[in-house]
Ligand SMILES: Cc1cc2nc3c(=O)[nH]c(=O)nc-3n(C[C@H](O)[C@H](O)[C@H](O)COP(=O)(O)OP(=O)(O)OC[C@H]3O[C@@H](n4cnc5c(N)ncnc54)[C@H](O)[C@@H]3O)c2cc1C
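A single chain comes next, written as structure tokens; it is the form predicted alone.
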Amino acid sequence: MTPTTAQPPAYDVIVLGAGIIGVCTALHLRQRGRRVCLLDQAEPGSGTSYGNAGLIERSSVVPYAFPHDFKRILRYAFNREADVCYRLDALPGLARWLWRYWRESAPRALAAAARDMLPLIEGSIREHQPFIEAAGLERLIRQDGWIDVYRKARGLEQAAAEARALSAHGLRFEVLDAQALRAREPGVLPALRGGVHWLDPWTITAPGELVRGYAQLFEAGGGQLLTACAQRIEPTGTGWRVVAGAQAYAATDLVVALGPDSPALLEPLGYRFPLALKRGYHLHYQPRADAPALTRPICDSAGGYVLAPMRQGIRLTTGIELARPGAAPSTTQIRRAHALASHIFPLGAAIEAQPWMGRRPCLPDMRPIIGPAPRHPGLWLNFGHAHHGMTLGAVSGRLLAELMTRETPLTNPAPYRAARFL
């Protein structure tokens, strides 16, 4: 069937993707007076934005890097760890990406990535706060941080030293011994030797609901939310057209903020971005009636998982699984994480029959793409936020909106330019 194009709806901007990045971009543009259509095939906040650990991670000033410690790499090679697991058939297709990721994780390159990401991390809570207040979503937010816990004294000592090294960034934290940790979270089990309580981050008890609330704020401000699957995008000479089934939508500017699905839509235009997907899982567990409640997220860095109190129950989120894009979900990583988590906090029965799976869109240099598409005027990109989509949604949306409306940007956008990969 030929798409209907006689009188397509006219917008200043169409934003593709109703995850946290797309919704925040649409909100910022609408607040600047643009006529904006937010388009996605699913409900806002129902994808990866729903399934995360619920952290607005102000303290994460160093990106998640590829390890350079040989012993650690050797451990991962045996593919028995909980924090990182892989499927053998995925490795050939990921080899070039992994090699570049490893090079970009060398000390000097990682320090440069941290410097480039710092303005976005520093603005994370500052930019979320007005949206939270305007949407009346304060009930979903806790402002008492999260705790990185350790099962070995050596791990705690190293973490404390690393935290002190970051004090120059103005981060607030407390190092807790075992007794202080149990005083703060009485439910934790004796296997833990202590933790680092990061005090600046905010946490969210229902991430998907937060994104839906932002989308409702966007609609209340005059934005239009449409449910449709964008199949292709086309320049028209006066702007852009999005073809979605039998319908076509037209706008002067187009923003692609589809997270892991962004590259496929852009490839027909000649863009080949090295974006890989780090898959992750979560499963909710009932709180144990005989144990104190968990009041804030706790992260076992060595195990690569987080236990976070959510509306649905205690959410166990996993680390990284590397698999082919179309591979079926696996229960391996959630089982490994649950085995470790059961030794640090008492969990009740699982609430769902199967774990949820999400896809983190990751670029090898640990910086997102935010800005114009180099070869197509009016085409804008905002994706590749890896582990920090929820954290960086509001600040990334503001930065792109400022670039599109030719305002002075909140920070130098050069580190996030798409042209670095072309």
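The first residue of the shown sequence is 1; numbering continues from there. Since the structure is predicted, the reported quantities are computational estimates derived from the model, not experimental observations.
Although not depicted, the form predicted together with this ligand is the subject of the following passage.
Of the listed positions (I344, A248, A230, V84), a single one reaches within 4.5 angstroms of this ligand by any non-hydrogen atom in the predicted bound form, namely A230. Each of G17, T317 and A386 places at least one heavy atom within 4.5 Å of this ligand in the predicted bound form. The candidate stretches are 26 to 34, 373 to 381, 359 to 367, 61 to 69, and the one lying within 4.5 Å of this ligand in the predicted bound form by heavy atoms is 359 to 367. Using a 4.5 angstroms limit between non-hydrogen atoms, G397 is distant from this ligand in the predicted bound form. Looking at D253, you'd find every heavy atom of it more than 4.5 angstroms from this ligand in the predicted bound form. Contact between G280 and this ligand in the predicted bound form is found at the 4.5 Å heavy atom cutoff. Contact between P260 and this ligand in the predicted bound form is found at the 4.5 Å heavy atom cutoff.
Residues of 27 to 48 placing a heavy atom within 4.5 Å of this ligand in the predicted bound form, in sequence order: L39, D40, Q41, A42, G47, T48.
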